[in-house]
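Shown below, as structure tokens, is a lone chain in the form predicted on its own; questions about how it binds or moves come after it.
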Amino acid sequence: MKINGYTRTCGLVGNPVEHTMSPAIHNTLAKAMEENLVYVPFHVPEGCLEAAIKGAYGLNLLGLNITVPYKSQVIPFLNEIDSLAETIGAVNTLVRVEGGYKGYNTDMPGLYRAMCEDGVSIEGEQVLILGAGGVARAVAILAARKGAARIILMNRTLDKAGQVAEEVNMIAEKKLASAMSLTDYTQLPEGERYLAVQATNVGMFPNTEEAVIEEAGFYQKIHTGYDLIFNPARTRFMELVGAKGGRAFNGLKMLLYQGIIAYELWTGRQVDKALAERAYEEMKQAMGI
């Protein structure tokens, strides 16, 4: 594309951002859709977030993605916030509005769209979530909103998982979520099989040979496993799920679709399935897989 005075700029704010896959998504979409838009990463040092957001507005940036460690820290600097992002307590996409930016969370809609693309339904499912951090909390809220029959948060620290379960139940306005220690997985009822979401950083590069739970008996209970990690492309968790006959997916399609939803918010244009697949291939090529 030709960069000129009409070119709009979007980008990624985080620390670090050097290994991001987001430019592969957005620049592929912009080129294919002949949108006069470029996407670049911005490494924002600690203590500079407010200045970065104000500066982005002053420089007329169309929108931003927000990544670690700023997804919650950015909220005070927004003019508006979408209801889902407010409930989750995390923002990963900013859309330019009058006087500033409106914050959205496209991570969870991105995960849901990835699941739909993979033929995985949440409605009526027994959902296991490994972890009790911010990502696990967001997944639990998504599962509640999409009609899960039951949600079990499994974590090393039971109290933390219990706190998240209570929050989810308050949001759902019913007793839906419960907590369990990782070591107590044997208490899961015999004969039940679960949709499991691995929402910790265990198994992420470079510690690729690790899984939160190693025992094969746990994986017999899983019919479908989602690991939100995408590097490596096949995690230890995925290997263990697959070894017991379950379907296993990584977080790369979630990353793809959260980016696509952000792009659609910025431009007002819809990305069709063929273009989504093209962007997905560009991401895999950028990762060398």
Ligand code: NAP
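Numbering starts at 1 and follows the sequence shown. The structure displayed is predicted, hence computed values, not measured ones.
The following text describes the form predicted together with this ligand, which does not appear among the structures shown.
With a 4.5 Å cutoff on heavy atoms, residue 93 does not count as touching this ligand in the model of the complex; it lies far away. Proximity of residue 163 to this ligand in the model of the complex: non-hydrogen atoms within 4.5 Å are absent; the residue sits far from the partner.
This ligand in the model of the complex is approached by residue 254, whose closest heavy atom lies within 4.5 angstroms of it.
Not displayed here, this ligand is approached by residue 229 to within 4.5 Å at the level of heavy atoms in the model of the complex.
Contact with this ligand in the model of the complex holds for none of 81, 84 and 109, as no heavy atom of theirs lies within 4.5 Å. Contact with this ligand in the model of the complex, defined as any heavy atom within 4.5 Å, is confined among 196-204, 115-123, 183-191, 140-148 to 196-204. With the partner removed from view, the residue among 177, 132, 74, 128 that has a non-hydrogen atom within 4.5 Å of this ligand in the model of the complex turns out to be 132.
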